[in-house]
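Here you get one chain, nothing else, as structure tokens; it is the form predicted on its own.
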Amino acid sequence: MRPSIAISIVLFMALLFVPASVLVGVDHVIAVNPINLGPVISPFLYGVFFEDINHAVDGGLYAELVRNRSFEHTDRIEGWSVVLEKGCKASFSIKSERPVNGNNTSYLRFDIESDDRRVILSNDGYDGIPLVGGESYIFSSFIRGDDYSGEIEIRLMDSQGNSIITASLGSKFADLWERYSVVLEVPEDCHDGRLALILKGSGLICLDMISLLPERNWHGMRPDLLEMLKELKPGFLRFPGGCLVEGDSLENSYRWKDTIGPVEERKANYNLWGYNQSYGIGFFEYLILAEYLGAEPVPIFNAGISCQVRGAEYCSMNTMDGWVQDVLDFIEFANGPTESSWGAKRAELGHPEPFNVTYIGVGNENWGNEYHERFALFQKAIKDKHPEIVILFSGPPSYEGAPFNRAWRWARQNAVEIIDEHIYAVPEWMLRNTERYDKYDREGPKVMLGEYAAHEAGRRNTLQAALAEAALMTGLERNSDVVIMAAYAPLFNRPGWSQWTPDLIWFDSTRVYGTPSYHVQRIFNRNLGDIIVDSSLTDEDVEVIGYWFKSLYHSCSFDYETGDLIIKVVNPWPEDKEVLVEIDEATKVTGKGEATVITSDSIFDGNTFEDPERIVPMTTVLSDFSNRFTFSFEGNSITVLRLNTGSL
């Protein structure tokens, strides 16, 4: 039996019985009503949304250091340079006859006439290859020797061409494709390195899938970026997009079957965001990542429609079977027994246990009759075979207006379980709409706020944006009976390689930092609570330039495991606010607690590579407080109070 949560008295009683001397200098009173408990909070309310935008995967979480390792990019030799030693007679070309496999058809061939001069093939990765002293790196390549006589040397160099470490791949190469590899232990740091293959010989030699992978990785993932995700403790992982799923044509839409199995057999694809993706992290890796993070996997599938915002291509209704079957096959791959065809494939990849996927999304930012009639096909096929699967219906790109309202009407009329809303708005909109979900029908479809972020002027990651997002999140918590999932978007950004700002986490070759928005997500998820406690806050409304806003934004929840009352308060204004906190005398607080605060001198402050901890949460231990105490909420701040009640 869960313990009683007698926390405080209602606002009217608080004002009636608090002595006037206590209220001197107090701006507000927070009172909590223990009788009217609110909704149970979704255990996976706050999650992460993963999309390969801003080189979040290739050049990001995927630890591969070689750019265009398989020569499948639109520019087949992107990332590569060839230098011929003086006097060397050689040429190179991209070929497709006798490829490594049918999914990876392009490879590089050298025709070398001189046997005593060198051909140097080099790759600088993404802004140089970062090398850490004392760490080991696995070089590998598929090589086919067509009458080639000579040696291939592997060399890691600095940007000036000075050798750091060298190894030989040998001098005999078969006429059939074979994988050659060597481990290189780097003696010293070099943040701007190069990989070079030095060919000294004559004849025809073919190269493909040239890879340099740090030995220290987790399933091919970069540890420091992985740790940033782990710190968030996300409740769910939505993947792999986003607009990426749709493609700018059906030809380059995301097909999950292309992304599993040995990396050399994965069918590389042109990315809607303007670059190529290797699928080094594919659906299997996303599933094990979700498992590692303890997050609910939420895969999104193409609905037979390319990106409607960019001018849609529609799969004809009489050829939709393949798209629908892809989803059914995935469910078998994720959840089916090892005796099934796709379940056996999962076991072959090293995961015989099912992933127990519950949620499936069909479509992303789709709308209109074309989407609705296609969604209905997926809905029927999935429910007929897997009634336990919960299907997410896509809302349009807009979060209000005619297309949005039409999508909701269709969803209500067609037994949609969850609708995926996306909100990208200015901070002022978020501050004015924290009660958005108060008005939603409690009997209608649930909501996944699959993508949201505050876009301030210049689209920067500032404290101003984080304050607005935190205010909106207090409304999400209070309405967790409707909003069961929410994710900031996008997740990652690599400067110099980006298409979209703002973003949650910024990184380069060697560094990573969380934005103020990242730290809001982190402290909100780590202080989620189990159930909302009905609460009230006095004198909430203020007028700013003709618009009405709340003076403070708050939510109140209770954590059954710790017995803590959790009060989140957002003060988006520059003035400190003195608040009287009332806790009902029926439940004595222990006088133990803590306050975690995110703030800075200016709302336009943010974190940078040079100053990555300018805005981070600061936690202070609270002690010796009673059931009635005042707390000063700093200007421009997000505060989480954890107050122990001893109710365990």
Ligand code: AHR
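All values reported here derive from a predicted model rather than from experimental measurement. Start at 1 and count along the sequence shown; that's the residue number.
Below, we turn to the form predicted together with alpha-L-arabinofuranose, even though it does not appear here.
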| item | value |
| --- | --- |
| Selected contact from Asp124, Glu296, Glu365, Glu456, since only one has a non-hydrogen atom within 4.5 angstroms of alpha-L-arabinofuranose in the predicted complex | Glu365 |
| Heavy atom within 4.5 Å of alpha-L-arabinofuranose in the predicted complex - residue from Pro572, Gly242, Gly304, Gly193 | Gly242 |
| Distance check, Ile53 to alpha-L-arabinofuranose in the predicted complex, heavy atom within 4.5 Å | yes |
| Partner proximity in the predicted complex: Pro490 to alpha-L-arabinofuranose, non-hydrogen atom cutoff 4.5 Å | yes |
| 4.5 angstroms heavy atom contact with alpha-L-arabinofuranose in the predicted complex for Tyr62 | no |
| Contact label in the predicted complex: Glu421 to alpha-L-arabinofuranose, heavy atom within 4.5 Å | no |
| Candidate stretches 383-391, 357-365, 339-347, 209-217 - the one whose heavy atoms come within 4.5 Å of alpha-L-arabinofuranose in the predicted complex | 357-365 |
| Heavy atom contacts to alpha-L-arabinofuranose in the predicted complex at 4.5 Å, residues of 282-321 in sequence order | none |
